[in-house]
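One chain comes next, on its own, written as structure tokens: the form predicted alone.
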Amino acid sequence: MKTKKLVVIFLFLSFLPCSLDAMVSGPCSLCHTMHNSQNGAAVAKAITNTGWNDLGELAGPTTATPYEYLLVSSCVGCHSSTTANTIITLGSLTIPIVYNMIEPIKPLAGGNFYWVANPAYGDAYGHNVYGIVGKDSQLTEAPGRLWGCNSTCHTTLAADFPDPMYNKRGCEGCHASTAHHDDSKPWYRFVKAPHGDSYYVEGVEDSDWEYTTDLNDHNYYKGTTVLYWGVGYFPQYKTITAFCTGCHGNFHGSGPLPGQGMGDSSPWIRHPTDIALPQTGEYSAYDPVTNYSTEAPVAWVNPQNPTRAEAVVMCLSCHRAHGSPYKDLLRWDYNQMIANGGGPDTGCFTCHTTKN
């Protein structure tokens, strides 16, 4: 079992995590440039068409415009690769790759932007993010948007200008506050909203971002079984689903108006999220404690002590956060889910075990 980074911080010192291992190590020059110049030439790499190559170099066109924090590239550039590798190892430094310019060999837990950026696939295969791909050709705002916030992250992450409210754009729409040199932050995967220190996701990270997985080798996501409605509950529950509802609120909770939300019990009008995975009926055959599926993962009320009674259905049970080779960022091909088809118990049938 690999060491995982614990990102839930408790108020009592006796419970402080002891296996924090995500701090960046290695030569400063891999990530920073003091004056964006070397031998009279710019050092910083452009936002687009930049990535790590087979030689361990951050390859791409240079830009005379320096980046904040003296970085040699943008978030996208540092987490991109011109190869098919999704982990780049440079001495003691390991870099997770979320965008490969050729099809990735083994996408990480969040998926990959390769498919949404590839014209052969397109907008339906991932989040459109600045520096990777332009605005969605069909959608003018986030599907299921409810909130009146004028922040651009509620309309597109592909805007080529900073958000007017929080000075964020692209990757920062979801990863608003990174801390590559500080393991004391409680933010899971740096998933945090730009407003307020309480708006972050909790969980337990897999140390290689699910490059390898087994029963005990995977992310442990935070969920809740308390029915709630509205993004205002995010600071209280800090679940991955609550974070998603910031832009996709109409797909969750029991809304005050007809057609809003998922409902609060069966018959559901939209697939439920942040509710307990039932222990009876068709769901009883899936026990993620003893037979965890990274194809159809669950969240937990207490990620540090997962129990079957506290397994939770979440947005990421069906979707990848960045993108996938399947439409709607799904973890599997929905069109191949054939009821009574006699196929393998994968995809939808991981939970809905009697439907196959």
Ligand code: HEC
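Sequential numbering from 1, following the sequence displayed. Owing to the predicted nature of the structure, the values given are computational and were not obtained by experimental measurement.
What comes next is about the form predicted together with ligand HEC, which does not appear here.
Taken together, the three residues T33, K45 and A59 lack any non-hydrogen atom within 4.5 angstroms of ligand HEC in the model of the complex. Distance criterion of 4.5 Å from any heavy atom to ligand HEC in the model of the complex singles out V191 from the list A159, A117, L146, V191. Interface residue among Q260, N100, T155, T213 relative to ligand HEC in the model of the complex, by the heavy atom within 4.5 Å criterion: T155. By the criterion of a heavy atom within 4.5 Å, T224 is excluded from the residues contacting ligand HEC in the model of the complex. In the model of the complex, ligand HEC lies farther than 4.5 Å from every heavy atom of L55. A residue is said to contact a partner when one of its heavy atoms sits within 4.5 Å of a partner heavy atom; N335 fails this definition for ligand HEC in the model of the complex, lying far away. In the model of the complex, ligand HEC lies within 4.5 Å of some heavy atom of H252. Of the residues in 234 to 267, those that come within 4.5 Å of ligand HEC in the model of the complex through at least one heavy atom are, in sequence order, I240, T241, F243, C244, T245, C247, H248, F251, H252, S266, P267.
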